[in-house]
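One chain comes next, on its own, written as structure tokens: the form predicted on its own.
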């Protein structure tokens, strides 16, 4: 393996913002191992695509790692028990998206008894289709938040001409440090997983993108990559890329543009420019699935915010209710707002029993005094939203069209190219909910197209 220049520095993208990052609350906090939850709520929809189908019933005894939801369709992923115990309910429960979805509830027996994992002595002679199958069986999805089933993302069409894998360690969202700590403490898992993904995709170049506010993570990743088994890593050309700290540096389109100089066309995908992007957490999960036969039952989560006495990072079993985590990190009864994710792209929660799922990178807890509600005022045409949009859109015009119910007219402003990063809403002096209005426009335009005669 050739490690290109060990570390290279890159310029940033056009647009974006520099919000207060508040990462100092947890970036030095090592990953905690929390006690097993007494109960988990496991939604059968923890990924983009068709929800899994329950393959257990109320009263069943299950083991940790046992499949409880089978993948249903070409774009789906299985769900596994994250504790051992008894299935006590299957029904509709709150989901971090704000909806209620079909979920399996398991009461712990306290034993954490695992299902028998397969023994794998080596993967040198294993074909790529088998590796994809192992990853699919483990229920691995994108852990950066998109939750796209990893098997699907690693099965590009034969016409795709891929040459580059980007491992996304930017973690640009304020407050969140789960990926940062994973790179510092478990860089080897990420490096192994990245090499496996590159092998399956058949690409020869790997770029690990890390923002320059994570110097310790950069050093740890560089060391881990140099230690990769040359038999396993082959002749990979690897670059550890240091990119400027700016939000939303971790967006796929922005990171690809910065690291490769390639621009994804409107309505296109990274593979259209020869690139596939995977989050560092996804790479680590791929390593576990292939080398250990271990399904995805836990992930690293940042639990942070000024509403906590002792914010930090923890390895959390999926399905753990938010309330249990907030209490574990010093949260009291006086909580102003709970957000799954970060302040820019996260979703505020209405229920403290909402569970951690595969895409939950953080839980942000704000005190009551930090939560304010401003009056929404008319657009003053200041163009601040246009200047910060990392895609180069006109957020003001899309929102005005949505406000006036002129959804057909909004299409000329390309609402589907919006990555919903929130930069426009952040800088708007009129406190307009621009991201929400753009989402509204997207939903209504899709509806119009579905109703249109073919």
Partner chain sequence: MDEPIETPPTATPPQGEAKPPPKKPTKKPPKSDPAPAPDYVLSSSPHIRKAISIRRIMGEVLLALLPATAFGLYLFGPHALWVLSLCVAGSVATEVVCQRWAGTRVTISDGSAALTGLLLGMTLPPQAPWWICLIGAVVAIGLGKHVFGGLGYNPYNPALLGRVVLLISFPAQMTAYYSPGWWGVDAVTSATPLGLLQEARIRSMGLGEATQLSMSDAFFGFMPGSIGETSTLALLAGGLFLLWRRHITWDIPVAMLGTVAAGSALFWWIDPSRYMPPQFHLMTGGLMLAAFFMATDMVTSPLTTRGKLIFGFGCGLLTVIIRLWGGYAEAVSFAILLMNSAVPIIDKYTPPRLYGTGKPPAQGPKS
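Positions refer to the first chain, counted from 1. For clarity, every value in this text was computed on a predicted model and none was experimentally measured.
Below, we turn to the form predicted in complex with its partner chain, even though it does not appear here.
Proximity to its partner chain in the predicted complex holds for all of 91, 263 and 344, with the criterion being a heavy atom within 4.5 Å. Proximity to its partner chain in the predicted complex, defined as a heavy atom within 4.5 Å, holds among 369, 127, 353, 216 only for 353.
This chain lacks the partner; the member of 386, 54, 34, 63 within 4.5 angstroms of its partner chain in the predicted complex by a non-hydrogen atom is 386. Proximity to its partner chain in the predicted complex, taken as heavy atoms within 4.5 Å, picks out 372-380 from the listed stretches 372-380, 310-318, 133-141, 73-81.
At least one heavy atom of residue 432 is located within 4.5 Å of its partner chain in the predicted complex. Interface residue remark: residue 394 is counted as part of the site for its partner chain in the predicted complex, having a heavy atom within 4.5 Å. Contact annotation for residue 428: at least one heavy atom lies within 4.5 Å of its partner chain in the predicted complex. Its partner chain is not shown here, but in the predicted complex it comes within 4.5 Å of a heavy atom of residue 102. Residues 323, 327 are the members of 298-328 with a non-hydrogen atom no more than 4.5 angstroms from its partner chain in the predicted complex.
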